[in-house]
Structures are given as structure tokens and as C-alpha cells.
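Next up: a single chain in C-alpha cells, the form predicted alone.
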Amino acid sequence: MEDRSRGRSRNRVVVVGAGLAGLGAVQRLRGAGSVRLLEAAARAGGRVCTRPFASGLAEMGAHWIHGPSPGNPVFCLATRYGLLGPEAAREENQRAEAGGHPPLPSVTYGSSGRVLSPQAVSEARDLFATLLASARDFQGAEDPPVSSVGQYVRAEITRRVPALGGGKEDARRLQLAILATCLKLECCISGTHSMDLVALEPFGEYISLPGLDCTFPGGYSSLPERMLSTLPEGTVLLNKAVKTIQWQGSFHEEGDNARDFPVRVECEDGDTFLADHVIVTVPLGFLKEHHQDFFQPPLPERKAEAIRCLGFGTNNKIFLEFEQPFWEPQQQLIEVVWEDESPLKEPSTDLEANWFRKLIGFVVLQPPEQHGHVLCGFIAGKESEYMETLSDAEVLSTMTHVLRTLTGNPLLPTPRSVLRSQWHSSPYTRGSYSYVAVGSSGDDIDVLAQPLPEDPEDPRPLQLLFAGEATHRTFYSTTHGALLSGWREAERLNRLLETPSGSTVHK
């Protein structure tokens, strides 16, 4: 076996993608002679993206730290950098078992233009939470009753229909309409078009950390910006889209035939980078679209299959700025219920006519002194992707119509301005985040995370390593999953680079 100790100090690592996984990996790498981080976009941060809007900031991507407590590396890093407010540091906030998405003080409007009974809303919400919790109990089940979370929840609702709303027809219909909204909210959380696409058996593998979700006072982007500032100048190259990664090769620098590299990274602009190891942190949505051409030779079939089978959907936001709020000061969430809907009825497939019905409601950005009077709407799935194709004016006009319908106020003023995310159209992302789809399992996440070449005896190990939220089995879809995955791959490389023989520690 080739002894790699000679020239190990010159070991070259290229990291592709400057999201939290890529930045985290570069921060943690030791023992490499040269590290380059290539980012296709004009900014670092990936799916963390803060933009100015109204008088404050809008989070186009990641919004909250989910479960800000000592077990959350994003929370710990943000705390160390002094990026969080005093609330987040309170111990009782860190200990709260919120189940991932704590309820906010809310008002729920129905499509008949009235505020719905808080009791009816909380009854339906509690039932839905119970059903979702029981859906998590099938983890490890040999033979789950159905394949998807959506099918399971609907079957359980069907079983309970006679008792819904105390047996009264109107109350029952309203309960079903609220449950339909609960399913749409779950689509946003899972980043999917429908809960019928989310696999039932692995659903319980996802872990929610304790702590009341918190935001970054200076914007989520303050975290990647701070991470970037700790790296040596010249490490990160922006606007450097990678075209292909050739691996298992034997590449030489011009004029230096003594040293050969197994990997060659070619960029869209023609620049090339030779490397011993490449950490790939691009989103699963991008891999789904490009993995056949992105890697030469193509990825092993097992990994290609994992990329195909795992789910990756879209969850977008629509920000609306108002001159004056039409909501009460204490309200932090405005929920939307279309009273003619039911989880037991097939949803409309006419996107043009009904896309806005997938909107689950609006979070009120806090505090208004910082942000102005701004609502942030959430919408997932195919409807969300259709929304991306519309103009700002069309989105604004539709949102005005929706809010006038819900509040029963035909004179409700048009919002002053609108801003929305368009993650599906983003060429290097192609969606928002991953989920475990029907036909896949947590094992696919582990296969996606497995370095190449697969042969542990290969004299040139760890040519390709994989990180990103979709490679973390229990924290997929989160920023903390992304960061941990970057650290994981950096440590995997560190173990190789710091071992005297250099070729015996492939794990």
C-alpha cells in the first residue's frame, strides 16, 4: 500500500458549497496543507439567507434555531459568537420541551370572513398533535399499517369522524377544515407537497431538541458571515460554480509529474482544482437534478438510488409589509382555514385557481419597532412552486384578496410591499430541504453520507465525502443537522490526515 506520509502536509482538500455544512467543515479541518471552499452563489450561507425588508430583516431561508439548547451546535456557536438576544440564553427557555414547533399566540380566520372559535381550533389542533405523535410510534415497525404519514393520519381522522364536533354536522365540518390546515402546516414543516409522500415507518427517527425556538436579532446570516470571517483570506471563492468532479483519476499539476491527485474539480468558468479529498455539501435537490453529470465516473448505483428515493420539497415564504397592522398587538400568528376543505376530500389540482389555499397563515415578525408591520406567510409544495412563477404584483394582489376574504373587510388596505422566497427556482438548491419519502428510509440518509470509494482497502481513501442536512439521519432538514454533518466529515478527514500511515483509518 502506498505510504502517504510523504507530502501529507501538502494534502489538498476542496469543499463544494459554502452553506453551514461547508463552512463548518472548513472551520474544523486540521492537518490539510491547503483548503479551498468553492461556492456557486455570490454569497456564503446557502439556505441561510437574510435580506433587508421594510424597516428590518427578512429570513428568506432558515428562520428559527429549532431547539436552542446545549445539544444544538448552531445555538452553541451563535452563543459563543454573541449573536443571540438575552431571551435565548434563559435556562428555562433552553429546557422547555416544545416538541419542535411551540404554539404562538394566534388568531384563526375562516374563509367565511370570521374569526373561528379558539376552542374549536385548539380541539382540532390537539387531536392532530395526538395523531402525529402516534404516527411516530411506528419507528422500527416490521409492518406499518400504511406507507405514508398522510394515509395514517387520514385513516385515524376517518375513524373519529362520527365523534368530531360533538356529533353536530356544522361543528364536524369545521373540525375537518381545521384538520386540513394542520396537514398543510405539517407539509411546510416537512418540506413536502403532501404528507402522503412522507414515509410512516421512519417518521419517528427525526429528533426534536428541547428549547423554545429563537431567532437571530441581527439576522440568521450573521452566523455564516461570522464563520466566514474566521477563515484565512483566500480560502473561500464565491461565484465559483462547480461543473464536474472527476474522481478515481490520476491528475497532475502542470510541470509536476511527481505528485498525482485522485480528484479534479472543474468549475463552470473553466478553472480547475486538483485535490486529494473533496467534501461535497450541495443540497439534495441539486444532486437529484445533476448527479449523473456532476460526478465522473458516476456515483455507485446504491448512492444514486438513495439520491432518487429520498424526498426534497419546497417551502416558501411571502413577506407582506403594511402601513398599519390589522391584527391585535398580542397576536403572533394569523392562521387560515378554508371552511369547505377536509383532509378526507381530494385537494384541487388547479394550481392557477387555487394555489393560495395551500398558504397556512402568517407569522407576525417581532418586534414591530425593528421590523415594521410585517407578516410572513408560509406555503409548501407544488402550489409554492407555482407561486414562484408569478410576478410580485400577482402575488401581492392575490394576498390582498385572501386577507380581505378572511377578515371580512373588503376595504383592507393593500400591503405596501411584498418579498417572497423562490427556493425551487434557485438553480443550485432546487427546493428547500429533505424528508424521508415513501420508498426510502433512514438507511438511505446513511448511504448518502457514505464516503467514496467504498472499498476500505483503497490506497486513496476518502476521495469524496458528503455533508449537508440531507446526510444527517436524525436532524435532516435543519441547520444544526447541516453543521453537524460538516463537522462529521471534517473529523473523518482529520483522523486520516493525522494517522502516521495515512492509509489505515478509513472508517
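Residue positions are given as counts along the sequence shown, with the first one as 1. Note that the structure is a prediction, hence the values are computed from the model and not measured.
What comes next is about the form predicted together with FAD-MDL72527 adduct (6YU), which is not displayed.
Engineer: So FAD-MDL72527 adduct (6YU) isn't shown here. In the model of the complex, which residue out of F362, W355, F261, F203 has a non-hydrogen atom within 4.5 Å of it?
Structural biologist: Exactly one listed residue reaches within 4.5 Å, namely F203.
Engineer: At 4.5 Å by heavy atoms, is each residue in L20, E39 and W64 next to FAD-MDL72527 adduct (6YU) in the model of the complex?
Structural biologist: Spot residues vs FAD-MDL72527 adduct (6YU): full contact, yes.
Engineer: So which stretch, 438-446, 452-460, 27-35, 42-50, is the one near FAD-MDL72527 adduct (6YU) in the model of the complex (non-hydrogen atoms, 4.5 Å)?
Structural biologist: This holds for exactly one stretch, 42-50.
Engineer: Is it the case that N315, even though its partner is missing from this view, gets within 4.5 Å of FAD-MDL72527 adduct (6YU) in the model of the complex, heavy atoms only?
Structural biologist: Within the cut-off, so yes.
Engineer: Given that the partner is absent here, does P68 sit within 4.5 Å of FAD-MDL72527 adduct (6YU) in the model of the complex, heavy atoms only?
Structural biologist: It does not: once FAD-MDL72527 adduct (6YU) is placed as it appears in the model of the complex, P68 has no heavy atom within 4.5 Å of it.
Engineer: May I ask you to state whether L209 is within 4.5 Å of FAD-MDL72527 adduct (6YU) in the model of the complex, using heavy atom distances?
Structural biologist: So L209 does not count as contacting FAD-MDL72527 adduct (6YU).
Engineer: Quick one: does V16 come within 4.5 Å of FAD-MDL72527 adduct (6YU) in the model of the complex, counting heavy atoms only?
Structural biologist: Yes, contact at 4.5 Å.
Engineer: Since the partner is left out here, which residues of 257-274 would have a heavy atom within 4.5 Å of FAD-MDL72527 adduct (6YU) in the model of the complex?
Structural biologist: Stretch hits: zero.
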